[in-house]
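Next up: just one chain, as structure tokens, the form predicted on its own.
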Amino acid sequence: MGIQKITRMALLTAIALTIFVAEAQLPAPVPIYGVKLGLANIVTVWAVFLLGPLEAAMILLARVLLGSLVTGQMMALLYSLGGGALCLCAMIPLSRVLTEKQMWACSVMGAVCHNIGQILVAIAITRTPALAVYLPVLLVSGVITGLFTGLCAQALTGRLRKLLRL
């Protein structure tokens, strides 16, 4: 991996971390626990399509680890890792069959899988399978927020290509 690629990934990690920390300071968009926009995932979706799966995974992992440290939400680390892993497992294969103009669809699937991953982690931690009843609410919010972040990533593609000289 060259210096230029590492620098590009560090820049994207810093952008994602900044967005994550800023969003953590905002009030929830709806009065439902656990629902947030997930704006830092704009960077993840973009990275999956334009940098590749390994690079996207490294950016996501760095953002999740640093975000948990910066915000002091260490329990959120487990939920973010579980959700992020499942999200990437869905988005990486999809990115191979979808075009950049379909980033929004990949993002929706990633957001839905992220929420499924979080519920699975919550069930594993609490040993309470009844938490699965919360899944429909999270899936609906995942579709909406995934669509929004995917459309944002899609819109930024041209601008970021120029900025990062891809």
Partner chain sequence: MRSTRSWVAVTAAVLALAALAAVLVRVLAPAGTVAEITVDGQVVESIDLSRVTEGYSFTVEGQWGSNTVEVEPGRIRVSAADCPDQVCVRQGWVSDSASPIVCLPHRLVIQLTGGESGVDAVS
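Note that the structure is predicted; figures quoted are calculated from it, not measured. Positions refer to the first chain, counted from 1.
What comes next is about the form predicted in complex with the partner chain, which does not appear here.
Student: Quick one: from 50, 37, 56, 108, grab the residue that has a heavy atom within 4.5 Å of the partner chain in the predicted complex.
Tutor: Flagged contact: 108.
Student: Tell me, out of 120, 32, 70, 62, which residue has a non-hydrogen atom within 4.5 angstroms of the partner chain in the predicted complex.
Tutor: The option sitting close enough to the partner is 32.
Student: Although the partner isn't part of this model, could you tell me whether residue 94 comes within 4.5 Å of the partner chain in the predicted complex, counting any heavy atom of the residue?
Tutor: Residue 94 belongs to the contact set for the partner chain.
Student: Verify the contact flag for residue 144: yes if a non-hydrogen atom of it lies within 4.5 Å of a non-hydrogen atom of the partner chain in the predicted complex, no if not.
Tutor: Because a heavy atom of residue 144 falls inside 4.5 Å of the partner chain in the predicted complex, the answer is yes.
Student: Decide whether residue 140 counts as a contact residue for the partner chain in the predicted complex under a heavy atom distance cut-off of 4.5 Å.
Tutor: Contact check for residue 140: yes, within 4.5 Å of the partner chain in the predicted complex.
Student: With a cut-off of 4.5 Å between heavy atoms, is residue 66 one of the residues that contacts the partner chain in the predicted complex?
Tutor: Judged by the heavy-atom cut-off of 4.5 Å, residue 66 is well away from the partner chain in the predicted complex.
Student: In sequence order, which positions of 117 to 146 have a non-hydrogen atom within 4.5 Å of the partner chain in the predicted complex?
Tutor: Residues within 4.5 Å: 122, 125, 126, 127, 128, 130, 131, 133, 134, 136, 137, 139, 140, 143, 144.
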